[in-house]
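Next comes just one chain, in structure tokens: the form predicted alone.
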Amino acid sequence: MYRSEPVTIDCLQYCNWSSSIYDQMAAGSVDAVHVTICYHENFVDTVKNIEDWNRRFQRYPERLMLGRTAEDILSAKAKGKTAIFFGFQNCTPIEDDIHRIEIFHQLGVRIMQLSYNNQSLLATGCYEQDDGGITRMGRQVIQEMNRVGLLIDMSHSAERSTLEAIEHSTRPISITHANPFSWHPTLRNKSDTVLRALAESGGMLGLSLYPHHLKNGSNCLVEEFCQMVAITADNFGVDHIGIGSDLCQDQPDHVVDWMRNGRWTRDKDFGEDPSSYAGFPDDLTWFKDNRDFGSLRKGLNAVGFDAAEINQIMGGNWLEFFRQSFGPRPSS
């Protein structure tokens, strides 16, 4: 249960970063954002992405700071900044070297998906027809992530793999950006079986505002989204949900090719109906950028959440979860 001062935390964005976006974060009072620094990059390319972020911190010190701990979020809030938490949407940067998990944690990375749509060395992605579950290396990587305090994320992973990750991990895991499959059936959304196991194990779900994950797509209304949040809270507990918007602001359409296909194929393979992935979907009318989190707060109030519950969903639950997740596992 969240008991600290109100914070706003978005647990997934992949934007075309610019000073205008940082200003919008400030205008929207966004205290922390989990940013994607890897889709298909290898070790060296991912380190270069960290270098790029270090230059942003140097260039915009009045707006941004690196987030390593949950307390950095409160520090950022007090200073009028946004804490940036690094995350991987794939395990490709560690390649086949388990020792790199600790290295990346030392470099500031705090969240890693075990697979991104496809089969990886660790787990099966949600676009594969056959789900073999967590691999031998995957079990070892989960153990190492638990040890150093690197949060497991199964947002793009398949059903069996996600359930096995929940079972094998000795620390609660996350699904940082997805919605219930029962509300909108798409391969990226999660079954009630997964969401129940996630909640019962103490894990966290970040509800996504990306139109492909929403009923009625870009025409989804704030009332419809917030009703879905209410149903999810009723089914799995308000303590286990937050926001992971999956905001991809100001990105050119060709970036979708990189996100979906990387360098692993010569073809365009979007996993689902290719016609729906011609480029980025149209924005929601009520959520276009970081200034619009206020609209979400109002919408949650309109469907019956009280102030304390809204504070939990908008960031308090993530804050408490990060306190449990980002440090080394205590010695027994």
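The structure presented is a predicted model; accordingly, all values stated were derived computationally and were not measured. All residue numbers refer to positions in the sequence shown, first residue = 1.
Another form, the form predicted together with another copy of the chain, is not on view; read the next lines as being about it.
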- Are S191, Q227 and D234 jointly within 4.5 Å of another copy of the chain in the predicted complex, each by at least one heavy atom? no
- Item | Answer option from G217, G132, P172, G108, heavy atom within 4.5 Å of another copy of the chain in the predicted complex | G132
- Since exactly one of D250, E159, E144, E71 fits, which has a heavy atom within 4.5 Å of another copy of the chain in the predicted complex? E144
- Query: in the predicted complex, which of 178 to 186, 208 to 216, 94 to 102, 239 to 247 comes within 4.5 Å of another copy of the chain (heavy atoms)?
  - Reply: 94 to 102
- Any non-hydrogen atom of Q58 within 4.5 angstroms of another copy of the chain in the predicted complex: no
- Query: Any chance D269 has a heavy atom within 4.5 Å of another copy of the chain in the predicted complex?
  - Reply: yes
- Message: Check H40 for me: does it contact another copy of the chain in the predicted complex (non-hydrogen atoms, 4.5 angstroms)?
- Response: yes
- May I ask you to check whether Q89 falls inside a 4.5 Å heavy atom distance of another copy of the chain in the predicted complex? no
- Message: Need the contact residues for 195 to 211: heavy atom within 4.5 Å of another copy of the chain in the predicted complex, sequence order, or none if there are none.
- Response: none
